[in-house]
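Before any questions on how it binds or moves, here is one chain, the form predicted alone, in structure tokens.
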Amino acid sequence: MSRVLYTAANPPARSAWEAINPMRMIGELSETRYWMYLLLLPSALLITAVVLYPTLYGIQLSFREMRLNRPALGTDWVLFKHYARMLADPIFWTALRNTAVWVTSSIALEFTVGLIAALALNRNLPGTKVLAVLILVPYFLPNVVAGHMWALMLDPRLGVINDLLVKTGLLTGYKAWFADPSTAMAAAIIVEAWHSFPFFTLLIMAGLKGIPTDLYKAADIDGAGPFAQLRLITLPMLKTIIAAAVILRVIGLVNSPDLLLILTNGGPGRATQVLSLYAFQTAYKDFNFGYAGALSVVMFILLMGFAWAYIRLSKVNQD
């Protein structure tokens, strides 16, 4: 009886079921480079539906006329009309300057307090676990709750903070913090820093756990003090975490006007008007979604430029 040898050039014949067997087809597909794209397909569809499409729609909205309170204007393409108006809009430039102050000051204060808190909690002294939970409480509060709570505490008539400052002699009379253009932004920044500094504390604490203790022991032997160890060991080792935290907080501060909306609504005058609040008011108060879309696109470009420049300058990708 003759025997048939099966080789790669002469494979055995498959039955009809084996040819269309789904499990067999998936097994063969998993051995090809197309398997990776198949696994990424659900995520790509989700990102397209949730992120990409709204972003592209917002960008094209900035080139169209879209005023819900004036439907007679239609929704025609106006190209760069909104951007030209923006260049001549004094409120835009005020909001841009206030945004820079709001973001820079808040990040600096949040990072400083968060770093100090993380270094203190990392010492594992008695009671630090309880303090770690208490420090995170402000971050758990919704912005609406935190905003109304601080608005009441800083109230010029009923505020407990004014009462304490007057009784200790630091103030001669009750002060309307959010009604004074010279103090409104500073007060709002302090509220924002109190609410969000635990974000930096949490990430920095996680980073501190990954720094080898041998580095600090060697630094002690070489005579390096606490500040030298912070400058030469701690901060360089936390560079990647700090960069990620700063970028995330900048994005959050630029895009979230809720705290300022509750505390000042952009006032007094335009003292606390920022770009995100201006875009929100333009869309939902003036119903000018075209101009609001242009403001949002400018914010998007500024954030992308900041993220790129910050990563390049901090050199986190050169480790």
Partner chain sequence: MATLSIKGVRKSFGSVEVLKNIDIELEDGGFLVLLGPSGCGKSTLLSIIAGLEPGSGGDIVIGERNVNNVHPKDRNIAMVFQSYALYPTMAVRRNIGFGLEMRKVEAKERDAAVQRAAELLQIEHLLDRKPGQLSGGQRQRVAMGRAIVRDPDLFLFDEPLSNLDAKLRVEMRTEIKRLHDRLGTSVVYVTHDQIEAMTLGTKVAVMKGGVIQQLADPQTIYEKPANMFVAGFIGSPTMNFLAGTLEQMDGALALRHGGATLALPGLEQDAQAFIGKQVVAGIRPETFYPGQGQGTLSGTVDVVEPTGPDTMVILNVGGQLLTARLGSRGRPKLGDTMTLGVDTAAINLFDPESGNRI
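Residue numbers count along the first chain shown, from 1. What you see is a predicted model, and the numbers here were worked out from it, not measured in a lab.
Keep in mind that the form predicted together with its partner chain is missing from the display, and what follows is about it.
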| property | result |
| --- | --- |
| Contact assignment for its partner chain in the predicted complex, among A228, L136, V101, A108, heavy atom within 4.5 Å | A228 |
| Option touching its partner chain, based on a heavy atom within 4.5 Å in the predicted complex, out of A206, A244, A219, I116 | A219 |
| Which of 119-127, 209-217, 191-199, 163-171 lines the interface with its partner chain in the predicted complex (heavy atom within 4.5 Å) | 209-217 |
| Heavy atom distance at most 4.5 Å to its partner chain in the predicted complex, all of I301, G305 and I311 | no |
| In the predicted complex, G74 touching its partner chain (heavy atom, 4.5 Å) | no |
| Partner proximity in the predicted complex: P142 to its partner chain, non-hydrogen atom cutoff 4.5 Å | no |
| Partner proximity in the predicted complex: L131 to its partner chain, non-hydrogen atom cutoff 4.5 Å | no |
| 4.5 Å heavy atom contact, L248 and its partner chain in the predicted complex | no |
| Heavy atom contacts to its partner chain in the predicted complex at 4.5 Å, residues of 222-242 in sequence order | D222, G223, A224, A228, L232, I233, P236, M237 |
